[in-house]
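Just the one chain here, laid out as structure tokens, in the form predicted alone.
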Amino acid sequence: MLSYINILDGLYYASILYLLSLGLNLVFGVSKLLNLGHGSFYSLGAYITAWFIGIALSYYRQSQALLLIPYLGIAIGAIAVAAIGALLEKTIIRFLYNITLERQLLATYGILLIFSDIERMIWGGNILSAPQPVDLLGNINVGGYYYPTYYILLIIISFSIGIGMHLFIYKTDIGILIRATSYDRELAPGLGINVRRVSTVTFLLSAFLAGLAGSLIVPITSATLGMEIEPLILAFIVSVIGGLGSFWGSLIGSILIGELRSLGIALFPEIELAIVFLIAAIVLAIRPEGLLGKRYGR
């Protein structure tokens, strides 16, 4: 039987996909880069957060800082991944902007594999867990059902960050430069815009969003090798359904996929992913550029 708990579960799935797809769309909108390595930022955020929380709690388990450590770990995980993203953009990614989409996919898939090996070297095949935020916050009564408070917090944080990113892009000077570059990357230097710097800032923000998604999910799902594959595929589906490069498309697509997945798990658990792919195929058959997207060609 369906209940509003299923709707909340759908929003929980959607909130993580929203952060991931927003980062994908931000980079594609500005640099026209399809970045499969985006999934690595998600898993790195999860690993760094779980690792930090585990180390910190081993030293401060009895102190009053116990309540703050998990949230400090989430912030550190996201910021560390943003820094890694900026470094990656300056050393490798900027050389991929002007190549074909097929080569971009191949190159960024290689980056995904390299980061996977780095994670294996640092943390081995170990599974890192950090369930403390979920345990510390307990459950909340939602219409007679007890639902984990952390899940509600995750939904609020994710959508708030997404809306905050939207305001940043549309209400700040840096955001104006990012939008101007996304409209015409070739013309932007003629207007005095430092396109390289804008691209670095954009990629840093994209890595931050994916790292934050990984940091927020690790109290619920342990950090493990290969954890980035399914969320990355679903985030691409969200981006394609919503429209590549579209902020509002990310929001609508993530809610659609999140709720569909929750509905599929409740009613048809054996084919829940098949339902998602079927709906994606129908949307693309009717509107190939996505619900709010533009047609791109190269």
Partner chain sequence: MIFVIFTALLTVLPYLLPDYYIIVLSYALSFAIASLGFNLLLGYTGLLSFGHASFFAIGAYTVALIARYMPRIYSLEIVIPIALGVSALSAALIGAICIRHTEAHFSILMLAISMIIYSLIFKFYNITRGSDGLPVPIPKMLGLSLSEMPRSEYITSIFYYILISIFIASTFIMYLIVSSPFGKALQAIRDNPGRAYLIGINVKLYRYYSFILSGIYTGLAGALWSIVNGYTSPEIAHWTFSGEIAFMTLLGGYTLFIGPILGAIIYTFLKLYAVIYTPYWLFTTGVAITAFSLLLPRGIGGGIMDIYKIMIYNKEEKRKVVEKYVRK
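The structure presented is a predicted model; accordingly, all values stated were derived computationally and were not measured. Positions refer to the first chain, counted from 1.
This next part talks about the form predicted in complex with the partner chain, which is not shown.
Shown alone, this chain has one stretch from 163-171, 200-208, 142-150, 117-125 that lies within 4.5 Å of the partner chain in the predicted bound form by heavy atoms: 117-125.
Contact check for L244: a heavy atom falls within 4.5 Å of the partner chain in the predicted bound form. Shown alone here, Y71 lies farther than 4.5 Å from the partner chain in the predicted bound form, counting heavy atoms only. Residue contact check for E272: one or more of its heavy atoms lie within 4.5 Å of the partner chain in the predicted bound form.
At a distance threshold of 4.5 angstroms between non-hydrogen atoms, F236 is in contact with the partner chain in the predicted bound form. Note on the partner interface in the predicted bound form: the residue among V195, I111, M227, I84 having a heavy atom within 4.5 angstroms of the partner chain is I111. Counting a residue when any of its non-hydrogen atoms is within 4.5 Å of the partner chain in the predicted bound form, there are no hits in 192-206.
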